[in-house]
Structure formats: structure tokens, C-alpha cells
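Okay, so we've got the same protein chain twice, two forms, each given alone as C-alpha cells, structure 1 and structure 2.
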Structure 1
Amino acid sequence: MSENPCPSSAFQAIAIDGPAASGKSTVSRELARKLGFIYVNSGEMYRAVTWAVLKANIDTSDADAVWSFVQALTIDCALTQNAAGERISTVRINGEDPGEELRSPEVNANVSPVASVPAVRELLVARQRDYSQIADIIMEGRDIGSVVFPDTPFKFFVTASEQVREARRRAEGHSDPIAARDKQDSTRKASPLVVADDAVMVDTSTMPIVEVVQLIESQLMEKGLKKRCGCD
């Protein structure tokens, strides 16, 4: 990972967890923009690995074959600048950027079994934690507050009703059933989707994104989040 210009800073990690289509990605991106933090989508790491597994024609239900392949990959998680001048996280597999293929139906259908392989999760959790050594981050996923950053005081669990999430998925062009995805994520043995004991629950079913962001930002200030001088 690249060096941060303020390496002596004590960096802060905000954990935002939640099920599929809960709104956590949109909320996390907007909150990161407002706070000047780096937005990290942990799910993209699992999607990138899934993309590589599928590209190699490996059966994603064969955990041993998946891990044998994944441990040999070069997985480069870094920070870069986008066209707008914002610092963002990136993932490359063997030097290749999967790009829009991360959102393909094939990846979407296979990411849960790949992400359920304990050794794969252990590997990527270590990479996720590395980000907190170089920047203030907002990381979203399904086990950020419970596993990746269990000691951060800034934990949120963003959710919405199943009906609302189903509608959001359809609007995005996805057809996978939310209930089945929830069951896979919450019952897997490795880092299941759970609400961390000290996480603040936020229901986005009827709240506009701007109000959700304002609510979480207010909670963060109450919990002692330090605003930065702009050097990060």
C-alpha cells in the first residue's frame, strides 16, 4: 500500500455493516466524502477474488480448490486518486483491474460461496486491516464491526426491510432473492453477518440518504470522532 502523507497520525476506522441493498454503500461513500475519509468497500475485495476464481474456471463450491488458487494470487489493495481528485481504494488481481466485471451476474451469483471460505476471509481481513495503518477510513461490509475492526468505537449496522431491499436490487438489475442471500451471509461459519454488540442500528427503509448520513455523522461526533486538518 502507498504511504500516507501524515504517517504519524492515529488513524480512525468507521465500520458500517449491513445486508445486501441496505443502503450501506451509498451512505458510506457520501459520509466518506463529507468527512474526507477513504471509502473502502470490503465486498469488492471478495468480488475481485471471485472474478479471478471464475476466470480460472474453478468450481466455487469446492472450498479446497478455491483456497489453493487464491493463495497463489497477487492481490494488490492500494489507494489512488480518481478523476475528481479524491483518494479511493482499489483492488488488482495479478496486476489486472476487474473493473465493471465485479458487478457481473456471474460474480454476484458466486461471491457468497467464495467469501465463505475461512482461509479466504482470513487473508482478506488482514488486507482490510492494513488500510487503517495508512488513512482514516470508512469501511463497509458484513463483518467490519464484528471481525475486522472490533475495537473501533465507530460501528453502525445499516438495514432496511426485506421488501425495500428486494425493490432496490430489482432497480439495480439483479434478480437474486434477498432472503437466500441473507441466509448465506448470516449462517456461514466464517465471519457471519451479525450486529456487533455496540453497533448503532440504522433503518434506511423510509429515510432519505441525506438524513441517514446526517444521523450517522451526528452519532460519530458524539462518539468522539476527530475531524482532520485536511492533510490526509
Structure 2
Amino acid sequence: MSENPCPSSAFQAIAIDGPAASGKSTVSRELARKLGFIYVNSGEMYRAVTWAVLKANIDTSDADAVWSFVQALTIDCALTQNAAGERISTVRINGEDPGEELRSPEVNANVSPVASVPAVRELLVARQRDYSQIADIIMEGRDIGSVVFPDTPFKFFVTASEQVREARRRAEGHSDPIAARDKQDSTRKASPLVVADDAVMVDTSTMPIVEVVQLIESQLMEKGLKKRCGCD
């Protein structure tokens, strides 16, 4: 990674955590666009590793087998500009881009056990922190405020009722056991999904995205976020 738009200043990290289908991605992408920050989806890193584990026919409930396979992978985390002009994170495994397969029903059903392996988390958390060395970022996930960037003052926990989240995922047309994933993500030993003590809770059940974005943006300004890149 070699991007450095503001070489003389420390980069800022915004943490957006929350359960499956809570609206984190949509909100994070829109905020990144408005603030000129880079959007990083940490879930895609866990999904990409899960995709590789499944391709190799490894039993995802066997933590030792998962780790011995994952530690030998070449995992490239980088940045790219998409067709909409957004700068976003990308992940390739052994040179391959998993593409749409990141959201396959098989990956949905197996990502939580893979993400619960402590050594896998350690490896990917280090990659996630690397992004904060090269740009202002907004990162979404499960443990961004609690573990990845515990010192950032910019932490949000975005949630919605289970019914609303189920309905959103159905509308996207994906088969996704979100209740089971939430349970596993919240009860695992290694960095479970928790609300960081200093996170602002945002319930998106009945709020349109545009209002959620406005609310978070105004909280960010109150907390002293600098909209300086690139570089105003």
C-alpha cells in the first residue's frame, strides 16, 4: 500500500460496527463519499478467506485446519477506484479476486466460524490497521471500535430490528442466515460483536439512509473530525 494523500498529518479512522444487514455498508459508503475518506469493508476480508477455505474443501468447523491453510495464503489488501469514482478496499487471495462469490450462500453460511478463529482475526486485524497508515478511512465491521481502532474517537454502532434486517437481506435476493451469524458473531470468544463503550448507537429500523448519514456526519463534526482530504 503506498497511497499518502496528506503526508504531514495523522490519518483519521471512523469505525462503523453492527450486526448483519444493519445498513452499515450503505451508510459507510455514502459517508466516505461525502467526507472524501476511503471506504474499507473488513467483512470482505473474512469473506474472501472463507471463500478460499471452502474452495479447498476444508471443514470450517475445524479451527486448526482452517488456520494452517489460511496462514499459507497470500492475501493482498489494496485500494482501487471503482466505476462510480469511489476509492474502496479490495482483497485478492493468491492473486484471485473472489468477486461476486464473496456473497454466495456458502460463504454466508461459513464466514462466522472462520471469523471466530483467533489467529485468522489477528492476521486480518493487522491488515485492517495498515489502511490507517495510508489514508483517512471509514471501516465497517464487528470489532472496529472495540479492537481494530480502540483509540479512535469516531465510533458508531449501526443496528436495526431483526425483522427489518431479515427483510433487507431478502430484498437483496441473498440466502443469508443472519440470525445464526449474529449469534455466532456475538458469542465467540475472540473479539465478539459488542457495542464499544464510547460508540454512538444508531437504530436504522425506521430511519431513511439519508437521515442516518446526516446524523452520523453531524456527530462526526461535533467530535472534531477534519474533512481535510483531499485536502480541503
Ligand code: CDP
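Residue indices: 1-based, along structure 1. The term rigid core refers to the maximal set of C-alpha atoms that superpose within 1.5 Å between the two forms. Just so it is clear, the model here is predicted, and its values are computed rather than measured.
S.K.: Deciding between structure 1 and structure 2, tell me which is the form predicted together with the ligand.
M.R.: Of the two forms shown, it is structure 2 that corresponds to the form predicted together with the ligand, while structure 1 does not.
S.K.: Quick one: core overlaid, is Ile178 moving 2 Å or more at the Cα between structure 1 and structure 2?
M.R.: After core superposition, the displacement of the Ile178 C-alpha between structure 1 and structure 2 reaches the 2 Å mark, so yes.
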